Ligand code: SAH
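This document starts with one chain, in the form predicted on its own, laid out as structure tokens.
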Amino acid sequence: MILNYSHSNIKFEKNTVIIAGAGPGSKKLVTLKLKLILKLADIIIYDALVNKNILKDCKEKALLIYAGKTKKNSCTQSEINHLMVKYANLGKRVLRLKGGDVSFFSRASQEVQFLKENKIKFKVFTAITSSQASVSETNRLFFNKKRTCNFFTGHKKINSSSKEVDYSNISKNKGKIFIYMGISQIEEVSRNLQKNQISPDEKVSIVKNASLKNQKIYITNLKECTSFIKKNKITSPAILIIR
């Protein structure tokens, strides 16, 4: 039950959920659609990686609900799903705000399915993903002599015993490699890439806090990236770019 909308006249009806991406972090990279609906939302359920400065543009009486999945303060996916339905059924305009773009390694598909099952009207607004911001910051063009890009996450899917990454195909197509949420899994990722004939000397760029003022870019290689990350105490959020 997806609603139609006009770019020139975006409506946010009551009893509706909008699932939207907040971009990689910088307010300058927020979409116009998100800026408009922030001023209309009654309830904003936001993730840990959403820049808090973006939330300053919401209307004064909006209820902000933190739904980050962190070690210190974790909100389960089930809780998030039920919050969306609860407030939509109360006649509220609910904004489910996620970091980056909702189509890149988020759980938007699960949320959409839950909304469908509960007959809640919804819209999905895309955004700029962190890999796009990382590419521009490292001056690496997507198709600079290469016609293929590989995007994968270091984390496995829910209820799956494996990460289902086809390292063999990634090696064969020789495209750029973008790794989301890979910092904590870098040892396994690095080992598997090298096992599949990607050179240990291949250049690795690590872009932490892409697009933000505290952004940092580190350069290493595949062979040394695990020890490099540990030595420099690099933590998430960060995008890894290989080749």
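Note that residue numbering begins at 1 and tracks the sequence as displayed. Every value quoted in this text rests on a predicted model; they were computed, and no experiment measured them.
Heads up, the form predicted in complex with this ligand isn't pictured, but that's what we're talking about next.
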- request: Heavy atoms, 4.5 Å, this ligand in the model of the complex: which of 165-173, 126-134, 113-121, 86-94 makes the cut? Say which one.
  value: 126-134
query: So in the model of the complex, does any heavy atom of N209 sit within 4.5 Å of this ligand?
result: yes
query: Applying a 4.5 Å heavy atom distance criterion, does I241 contact this ligand in the model of the complex?
result: no
field: Contact of Y180 with this ligand in the model of the complex (heavy atom, 4.5 Å)
entry: yes
- prompt: So in the model of the complex, does L49 come within 4.5 Å of this ligand, heavy atom to heavy atom?
  reply: yes
field: Stretch 82-98: residues contacting this ligand in the model of the complex, 4.5 Å heavy atom cut-off
entry: none
